[in-house]
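What follows is a pair of forms of the same protein chain, given separately as structure tokens and numbered structure 1 and structure 2.
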Structure 1
């Protein structure tokens, strides 16, 4: 399927501006404790944080575009408390130019609608040509921030992008996106636009020493979240609990042939496959 998506008109100039969204997430392999009273995770000195791996592909794609088009600049934006600046510094080590930190005062749940609203309010004033996000975050896995930013701005959006190519005149982007059943969409969208980048589209590079040293010297732009327009919340945190064990596993006994026969019988009974 090939679709042409019309976006808003864009200004005429040779330079390109890309905004890439990144997030710092809790290390899910660590010891996670819940705080039922405050409806969030216990954050202390022992809590380990990582850079959201899905965002690495978005940053790498931005850097690849910068390498292919002269006069391209990459801004990185992240929402969170002071510790979130570490994620921005890492992306500068990969080749991003400028960091923007929307600073929140406390730990806790922030809805994707509110995060997208804050980012959109910044983007609206700075006239970006392209906004990239990871396909989702490792912790909440909602995948809502990118599309919601596009909705706030009135821009076209493509999710789960597995290939993209900016046109030579920098007025449109060709996109391939992953959809259900092993199929894919092909789209051509007018810029400015929002893309959420799927894993596997590229191979994220390691931060280089040269870029890390430059990032150390660069000041991150701090914007107080409380000073931004506060979108009316569309989600509230009702409860946070550990995953519930819904069903137990089934262990097959016997040799390989016996196990194979048992497995085929189970799959047939559950209508997953049909035996002759």
Structure 2
């Protein structure tokens, strides 16, 4: 009896190959300082980093698919300076298999065309069935890298995905996209495809100790960004400035009690409340 091996030949039956994109970003609850040339923010010893919270949902979704389709492998890819490997390690703690780090030299803005171009060039050679990204990065907030990868590869793409189900033959995926006004859009796409995962689709798990220990032994594959083709960036960041104030923004002073009393007075004057 023959077992028909589908897809790219060397894969085991029922296996999926997933690539998930993750980014390491600075912790945005802390203070951020702009550099004197207004080109980027100051990153120094004190800077605290997180892995992009939006990407946790993409990684969790990949792990859920892996639990459903045995023999699935999850590759994680991140573009960034040396520190970005911490984000990859964390995803391995959640159950991702292999880490790929496209190493860039400096901190600073990189056009999404570059990032997506690099990721697409790696993905092209490795025959993935599915690429997952977060819905956006917390620092750049562009929502571009996912659909741009898809366009470079000529794959279909669905953004803001809040549910997905891969067909048993692994040839297509049913997705629900969140849209405005309390509706969702439902569609089916051929695989391979790119999905950008919206928050709330799942509950991202915490890394486990066993996975973290295994991750420690695993080597992350490092690819020097300079060795790759350099896609035209297409856009330039001219400068970065502090935000504008949209409202008067009266800052209350004093202790808590004093602030509370001031606020009550203001609300009363504005007739938002009426105190006796």
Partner chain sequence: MGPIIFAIAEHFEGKIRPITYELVACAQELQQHHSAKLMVIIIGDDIETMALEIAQTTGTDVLALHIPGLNSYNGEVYSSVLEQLIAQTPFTYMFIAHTTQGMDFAPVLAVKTDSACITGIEGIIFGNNRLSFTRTVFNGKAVAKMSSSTDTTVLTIQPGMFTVQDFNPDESGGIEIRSLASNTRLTHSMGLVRSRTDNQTITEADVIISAGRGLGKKENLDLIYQLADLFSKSAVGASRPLCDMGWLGYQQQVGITGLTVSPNLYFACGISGAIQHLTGIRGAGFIVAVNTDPNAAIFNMSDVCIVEDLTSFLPVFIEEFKNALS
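For clarity, every value in this text was computed on a predicted model and none was experimentally measured. Note that the rigid core is defined as the largest set of C-alphas that superpose within 1.5 Å between two forms. Numbering follows the first chain given and starts at 1.
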Here the form predicted alone is displayed as structure 1
Exercise for the section: Determine whether residue 113 and residue 230 move within the same rigid part of the chain between structure 1 and structure 2. Expected result: yes
Rigid-body analysis between structure 1 and structure 2 gives the smaller part's rotation relative to the larger, in degrees, as 62
Between-form comparison on the rigid core puts the Cα shift of residue 248 between structure 1 and structure 2, in Å, at 2.7
